[in-house]
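One chain follows as structure tokens, the form predicted alone.
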């Protein structure tokens, strides 16, 4: 996730304070990993430096003074370009899983045990996401579906790899 571009997208709706941006970011994108306040303000500072946003004058409030940020035409242009660009297909989706399997085989450890453990972890996470999907808003349900689809692909890869462990062991140990 590109935090600067996400903040630009949130700013495009209307000028906002950093606090409001953090709240919206966390509500939409940061469920598992909220955005630290320091990162919000550091990112806004870089965006202002680069001419993507303009920081307004400090406004008094119930707490510390706040600045309202406004997206610039350059910021909108960057956001539009990013939104139009497809996300690159990652060629090595199973890199960590694959590396662990090969290293287990090279070291004489049981790759099957690793795959079984990984399968169990994936199944547990799938149960959590399935429950979340049943009991949540549409936004959370769609995020859960995204996670489930990735886990399903991992499980197919785990099963395929488990069925080929003997051949893979011969190949990597040769």
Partner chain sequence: MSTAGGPLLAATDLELSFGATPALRSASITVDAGELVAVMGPSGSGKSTLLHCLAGILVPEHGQVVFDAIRIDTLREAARSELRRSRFGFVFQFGQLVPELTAEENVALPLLLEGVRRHDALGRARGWFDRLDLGGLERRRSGELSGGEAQRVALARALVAGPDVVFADEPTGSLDTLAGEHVMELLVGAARDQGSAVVLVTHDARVAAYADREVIVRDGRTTSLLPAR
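Positions refer to the first chain, counted from 1. Remember, predicted model here, so these are calculated numbers, not experimental data.
Unshown form predicted in complex with its partner chain; subsequent notes refer to it.
(message) Given a 4.5 Å cut-off on heavy atoms, tell me which of 46-54, 29-37, 141-149, 103-111 is the interface stretch with its partner chain in the model of the complex.
(response) In the other structure, the partner sits against 141-149.
(message) Residue-level contact is defined here as any heavy atom of the residue lying within 4.5 Å of its partner chain in the model of the complex; does residue 59 satisfy this criterion?
(response) Answer no; every heavy atom of residue 59 is more than 4.5 Å from its partner chain in the model of the complex.
(request) May I ask you to state whether residue 119 is within 4.5 Å of its partner chain in the model of the complex, using heavy atom distances? (result) Heavy-atom contact with its partner chain at 4.5 Å: present for residue 119.
(request) Answer yes if any heavy atom of residue 136 is within 4.5 Å of a heavy atom of its partner chain in the model of the complex; otherwise answer no. (result) Close contact is absent here: in the model of the complex, residue 136 is far from its partner chain, nothing within 4.5 Å, heavy atoms only.
(request) Indicate whether residue 126 is a 4.5 Å heavy atom neighbour of its partner chain in the model of the complex. (result) Result yes; residue 126 sits at the interface with its partner chain in the model of the complex.
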